[in-house]
Ligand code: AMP
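One chain is shown next in structure tokens, namely the form predicted on its own.
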């Protein structure tokens, strides 16, 4: 069977993680559900994976997506990992409600995991039921696919299936299973799992695996573990900078939720900011604001320091030398992040060249936004309109409770913009290519989830359709671009586990 091709509806599995030693995972099949029903199928993603979409809509295909049938070639397993959760180390976590069916090599030659979330209890469930409620499944579907359209690395959603069963949370909720696609599910916490057990051979096997799968350029290095650490640091710095550019707040940046592949993973109580506030928190479980919007770069660096600690035995035979190498690598996070963050801000402001004052110019706009409750997404979108026509400034001012800060800032921006070689319309178009009109606004997500829980998938389907084209002005879809009315504001988001 040829990898990455459609073969009579079969999934062409090639399961590299299952070939690692047994202590990396627990082998088990998903727990069947009562009455699986396909809610949503990502046909374009199925084709990208080399899977015939129609095959997943048959009773046999839906049974696979629900966990009721193990397809030929799959080697289902739950991965072992540890992690720091809100700063507290837990030596064993693992996939408590997810099972990796296996891997495929997609049409672009990229190896991808196919995982079922909400597929039943595993040895890592810690007394949990291993199931997922419909709301969190559809939330992850919405946000992960929005990230794909925004061009930000993230896990993807192939399908959502209703189980026909209820799950007990604060109340009884309809159950569902999400089919998640990832470059891999190896996390910082995976390395911590072996380090906590002083399993140096396990760490070495994991390093070799991750290098071969994600960072092959590190394989030829004189110090492979160090090259891997440096590559992961750079990837995470770029990723978090991209989050900041769209006002995204992950909400639960535990080390077990940080992908080694540099993808956004485990969305949980994530949210996108409406009005700009550097210390904004939505997550109901983040009472102290550890993972607030403005803290995300610092937390990413902290998590990467935990990764560096796990690799010390492989960095150098002498511990002090290993610490010095690890610290030097970690010192690279800030330059990587600053470069990516500032480059993104320049693009959002319509600046294609670099000037020394650009950072201060961007900070001044953000400060004016924070002081006057301006909507993060709409300010940058309307700024593009203002670049093309001065009359656009009026709409921009309407986003600010008080426009004094904006009025002081606009002449500086226009003077800086005038030093760019492109004309006004080209500048607007360039800004619109990086400043989305549509993001998964919290009130719209909650509206879609509430309707779905009541049996109406229409709002969910409409929302994912709009979010598939975030940078386009979509006639008739204006409400999806607007911030919430006071009565629509979402104050908290919930993990759903």
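Since this is a predicted model, take the numbers as computed values, not measurements. Residue numbers count along the first chain shown, from 1.
Keep in mind that the form predicted in complex with the named molecule is missing from the display, and what follows is about it.
A single residue from the set 175, 76, 350, 94 has any heavy atom within 4.5 angstroms of the named molecule in the predicted complex; that residue is 94.
Of the residues 126, 414, 107, 197, just one reaches the named molecule in the predicted complex with a heavy atom at 4.5 Å or closer; this is 126. With the partner omitted here, the stretch from 151-159, 78-86, 415-423, 322-330 that lies within 4.5 Å of the named molecule by heavy atoms in the predicted complex is 78-86. Contact check for residue 256: a heavy atom falls within 4.5 Å of the named molecule in the predicted complex. Taking non-hydrogen atoms only, residue 202 never approaches the named molecule to within 4.5 angstroms in the predicted complex. Of the heavy atoms in residue 169, some are within 4.5 Å of the named molecule in the predicted complex. In the predicted complex, residue 112 stays away from the named molecule, with no heavy atom inside 4.5 Å.
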